[in-house]
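As a starting point, one isolated chain is supplied in structure tokens, in the form predicted on its own.
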Amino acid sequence: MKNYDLVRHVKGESKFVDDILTPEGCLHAYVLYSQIAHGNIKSVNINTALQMEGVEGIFIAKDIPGENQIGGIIQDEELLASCKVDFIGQPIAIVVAKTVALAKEASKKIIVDIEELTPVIDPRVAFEKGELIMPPRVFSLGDVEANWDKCALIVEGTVESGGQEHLYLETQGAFACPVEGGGVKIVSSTQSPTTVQKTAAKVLGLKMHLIEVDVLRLGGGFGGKEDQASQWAAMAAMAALKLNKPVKLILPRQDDLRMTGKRHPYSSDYKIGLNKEGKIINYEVTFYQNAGASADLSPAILDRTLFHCTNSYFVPNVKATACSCKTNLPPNTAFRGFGGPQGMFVIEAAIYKAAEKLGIDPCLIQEKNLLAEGDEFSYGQKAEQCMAKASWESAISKFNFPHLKKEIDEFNVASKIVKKGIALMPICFGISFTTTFLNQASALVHVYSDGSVGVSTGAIEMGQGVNMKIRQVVASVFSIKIDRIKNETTNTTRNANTSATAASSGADLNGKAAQLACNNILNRLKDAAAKYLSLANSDQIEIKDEVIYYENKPTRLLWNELISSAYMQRVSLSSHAYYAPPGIYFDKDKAKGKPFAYHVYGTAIIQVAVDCLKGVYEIESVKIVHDFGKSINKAIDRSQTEGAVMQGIGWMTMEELKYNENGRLLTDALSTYKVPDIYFAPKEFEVEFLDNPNDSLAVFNSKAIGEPPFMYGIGAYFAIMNAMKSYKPEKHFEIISPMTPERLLLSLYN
């Protein structure tokens, strides 16, 4: 089935926050932010700016009617800086004027006197100073200390992984309009309408029922709009209520780059021990997470790093320690994979270095240690319906890995400057919010008297195709044409207390809720059909392609007639349903439980060619066998896989964030921050659907697709490393990402 959203995008018909037809008199806001990474605010003078013609209002911390606090997990982040600033880009004042240009010009007239202090940028320095977001977290399994003497090989090292900019096409923004009764309606570009609602209510000093949040769709999110959309919505709402006029706030691209958090950079130490057969006996790792200036979602992201610290391998003895370090950078936040990629990169690096010491290919160690049914993870859950080995073996067979490896070896013997590399990347990724209570969703379905259907859920469409999947669920349950169904906007009045569309759970949770709501209506429709057809019971009634069947035989009753009849019989054609996946839990104090409804598995083979004289490289091919479960929409799932892989490769290769010693982002424009484009895409890209006979807890036995394929991108890093190793076999390379062409050359020749 076609994804109707894509057609609207191509035609330019899709509406985003900045496309809303605003009421007459709508004002525009601009945010003045700190140019200093760390310091004490001595004074803020807005008088000159406030007197400019066309300026309607300027608001600073003292003007906030409720709490000056937007922290979620930890209450440690102000909406507007009051006494101190902790990063360049921290909001200080909101300037509201008749035009954006005027608001920005007025912001230049505001005088902010700040006593500058020395910033901390490095997470290890922050750790040494005791600057932590929270106490360190530890996951463990077995007894690491008791088993080092059983290891034939022990390897230790350090891994550095860089951050990553979300670079969503639509920047952060919101539109707010006062409504009667002292409330406000907010149209926000957010992955979490309820978080916006809660945050705005807190800042405005209002109850949540006075805040309505509506989301049309997002022009990309990738986690960057999970919590960090809330502050801009709260600012617009506060200005709207203060001035009693509609206010729009859309961040300019460069301000968005400077002011918002990124994927967390990590600095990590590992120690890995193997026996003579190449089985991993021990794994000890410490992660130093660069959280930025406040917690944001860092504690939950840190947990996800621990959950995935052994990737797709069984390690009997594990000790993983994670430290969230407070630095003077913008608060880093959710990004596709949510800390999982950072953890998985480290164990892949440890395996790579162990293989280097043994003089063997890393894939031999990878294969020997793949998870099997019943193996225990460090957090207590056991691998069930494990497809780790099945996906590995399928990839090796389908793509003839031995032949590919032989071709590369032969090429490298013949070629002096250009070297090729190949790497396998298995993945195992848990699906669910690891904060258990977030695993809930609701749906509201209306069947109208003409047979058309409206469905409203908590899911946010941000390009990943969740709206299409939910429409397919509704169409399948009712067995009707998909063009009868409309996705409503996501709205806190229709569906309250929603969880963010994140953790790859959008279709899983909201699709299930929609299925339950449709089944409620379907059961009523069967009773109505039995009455209309004068049948004794409804047990043998089915709907197939808009025809009502009885005992597998078509009747004269069609969908439209059934709906009309049910309406005349005063049968409810609406249902609100709720879904929470059963059996998941996690005890944070014990660091044990069953946090995931299921795991997603897969294996990628990535091949690269590196010009070792110029430092440039090409991703020649990406070949994947992925566990999609029973896919609802193969076109959407395939495209999500391809997009996630490219984003993962970008993180590992070219997307480099650079800050100077004063905490200023140097890569704050598309001329300095590079992302993969069509010319960087692999020459070959094959995605195979793994045959998986198992059922899952997701809707129609599908599996989540948003995040897991991102991790395949890690394979590109090690494919490049293998090519470099072929060029200089005697050299031991540091594991630092991203592997930009500059870093590649420095690694080869320094």
Partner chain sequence: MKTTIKFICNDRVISTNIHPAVSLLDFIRKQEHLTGTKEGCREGDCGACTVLLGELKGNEVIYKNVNSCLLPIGDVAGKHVVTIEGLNSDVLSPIQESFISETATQCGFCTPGFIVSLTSFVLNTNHFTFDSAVESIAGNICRCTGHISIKRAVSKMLTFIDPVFNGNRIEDLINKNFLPKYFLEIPVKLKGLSSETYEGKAVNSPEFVISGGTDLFVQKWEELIKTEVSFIPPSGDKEKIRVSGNFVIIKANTTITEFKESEIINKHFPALNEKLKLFGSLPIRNRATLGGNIINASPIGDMVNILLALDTKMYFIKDNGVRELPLNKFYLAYKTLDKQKDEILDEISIPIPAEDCLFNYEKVSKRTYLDIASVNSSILLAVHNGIINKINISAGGIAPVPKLLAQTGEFLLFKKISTDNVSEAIKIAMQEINPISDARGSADYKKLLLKQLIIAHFVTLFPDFVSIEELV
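Positions refer to the first chain, counted from 1. No experiment lies behind these values; they were computed from the predicted model shown.
The form predicted in complex with the partner chain exists for this protein as well; it is not shown, and the discussion that follows is about that form.
- [ ] Identify whether the partner chain in the predicted bound form is within 4.5 Å of every residue in the set K526, Y567 and L573, based on non-hydrogen atoms.
- [x] Verified in the predicted bound form; spot residues all out of contact, no.
TODO: Spot the stretch among 383-391, 502-510, 217-225, 304-312 with residues whose non-hydrogen atoms come within 4.5 Å of the partner chain in the predicted bound form.
DONE: Careful reading of the contacts points to 217-225.
TODO: Sort through E367, E212, E656, E284 and report the residue having a heavy atom within 4.5 Å of the partner chain in the predicted bound form.
DONE: Exactly one listed residue reaches within 4.5 Å, namely E656.
TODO: Name the residue from L613, V547, V125, I154 that puts a heavy atom within 4.5 Å of the partner chain in the predicted bound form.
DONE: Selected option: L613.
- [ ] Find out whether any non-hydrogen atom of Y585 is located within 4.5 angstroms of the partner chain in the predicted bound form, and reply yes or no.
- [x] Judged by the heavy-atom cut-off of 4.5 Å, Y585 is well away from the partner chain in the predicted bound form.
Open item on the list: Just checking whether I408 would be counted as a contact of the partner chain in the predicted bound form - the rule being heavy atoms within 4.5 angstroms.
Closed with: Because no heavy atom of I408 falls inside 4.5 Å of the partner chain in the predicted bound form, the answer is no.
- [ ] Indicate whether H166 is a 4.5 Å heavy atom neighbour of the partner chain in the predicted bound form.
- [x] So H166 counts as contacting the partner chain.
Task: is_contact(T493, the partner chain) in the predicted bound form, heavy atom dist at most 4.5 Å - done: So T493 does not count as contacting the partner chain.
- [ ] Note that the partner chain is not shown here; using its position in the predicted bound form, name the residues of 460-487 with a heavy atom within 4.5 Å of it, in sequence order.
- [x] Counting only heavy atoms within 4.5 Å of the partner chain in the predicted bound form, the contacting residues of 460-487 are M462, G463.
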